[in-house]
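First comes one chain, alone, set out as structure tokens in the form predicted on its own.
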């Protein structure tokens, strides 16, 4: 991405990259494909020690950022994890950490944030619902007021790391409006079912709430008034997702360019053929635009810009469309090798394809932009 990094941020990026390359290289990622969890908790705790879970948490709970701009520090990690298609619930846990840090009661913050920062507790956001529903007005899970608490009914899917976490942040609907509740993974009446994933190491689950009771103290923020909180969480999630996708494309573009100079056809390197040069020029242009869009989104969310909703949706739409196309082109540039299981390219294409649709497809985000700027009203 095109962030203007400080010396501390550059050191943090380099340290993170070296750690990922030595501790969880792509070869190790392949081996985790058969692991039900998709990642090792001991490894995640080591990442937490490096600050991966602390950037959006206040210092009094063990958090803190490098430059006072926690999200911009965190997208550095996301981009590096994208470069190695790394496992781990970076997005899921940090979205919840950010939400609890901003909207939690002192009791909720003390109970969760230090444990999240240490890596001992893993959390995820249960937003999406069957049928691809993810927008606020589509939330169907109910939270019914009862006995100084709430009874939750309905289904959530897909939920990232749903089978591996200790805590869920559930976005539900009450009579008053959107409400968010902290639900432990072992709550009575909650059924967690593993789902298949295109990504080799990213796990998802379906949650079924059958009269799951939580006390009123489980409410995060204000009951019935969580729309703004949900929007903020979505922006944080998309900023991290975009950075990861850009990191994945950046790595494969480098690999493919090197391949084109090393591979010869009729006595000439493939990179010398004019038609292929034109295709690379297009890919380079799209990738530069991907980086600019992702950077703009991260900065808008960090600064809480008024136009942040439209900026992140614009970036999600553009990167979603172009990242997978670039990776598909890289597959074609490799010929038959590009579609073999043994070659790593498909690992990156899988990650980018999952990211393309999680938290809204490019088309859905274009429709969201239209609503945000009032274009949908003009066509009615």
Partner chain sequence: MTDTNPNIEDVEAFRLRARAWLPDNMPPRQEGVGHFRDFDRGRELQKRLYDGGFAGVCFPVEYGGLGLTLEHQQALDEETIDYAMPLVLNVPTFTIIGGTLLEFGTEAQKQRYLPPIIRGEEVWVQFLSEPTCGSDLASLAMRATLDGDAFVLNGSKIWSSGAHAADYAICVARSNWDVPKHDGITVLIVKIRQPGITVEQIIDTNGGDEFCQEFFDDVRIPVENVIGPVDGGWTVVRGLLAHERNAMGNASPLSSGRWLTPTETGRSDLMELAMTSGQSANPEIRQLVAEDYALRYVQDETTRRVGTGMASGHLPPTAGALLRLMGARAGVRRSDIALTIAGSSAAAWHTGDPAGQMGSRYVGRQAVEMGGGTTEMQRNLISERLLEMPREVAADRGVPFNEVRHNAMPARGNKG
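Numbering follows the first chain given and starts at 1. Bear in mind that the values here come from a model prediction, so they are computed numbers and not experimental data.
The same protein also exists as the form predicted together with the partner chain; that form is not shown, yet it is the one meant from here on.
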- Is residue 314 close enough to touch the partner chain in the predicted bound form, meaning at least one heavy atom pair within 4.5 Å? yes
- Message: I'd like to know whether residue 146 contacts the partner chain in the predicted bound form, with contact meaning heavy atoms within 4.5 angstroms.
- Response: no
- Message: Residue-level question: is residue 260 within 4.5 Å of the partner chain in the predicted bound form, judged on heavy atoms?
- Response: yes
- Query: Would residue 2 count as touching the partner chain in the predicted bound form under a 4.5 Å heavy atom rule?
  - Reply: yes
- Message: Please determine whether each residue of 282, 293 and 373 possesses a non-hydrogen atom within 4.5 angstroms of the partner chain in the predicted bound form.
- Response: yes
- Message: Please identify the residue among 201, 310, 190, 223 with any heavy atom within 4.5 Å of the partner chain in the predicted bound form.
- Response: 310
- Among 289, 111, 216, 227, which has at least one heavy atom within 4.5 Å of the partner chain in the predicted bound form? 289
- Query: Tell me which of 201-209, 125-133, 91-99, 265-273 has residues with heavy atoms within 4.5 angstroms of the partner chain in the predicted bound form?
  - Reply: 265-273
- Those residues of 342-370 which, in the predicted bound form, come within 4.5 Å of the partner chain by heavy atom: 363, 366, 367, 369, 370
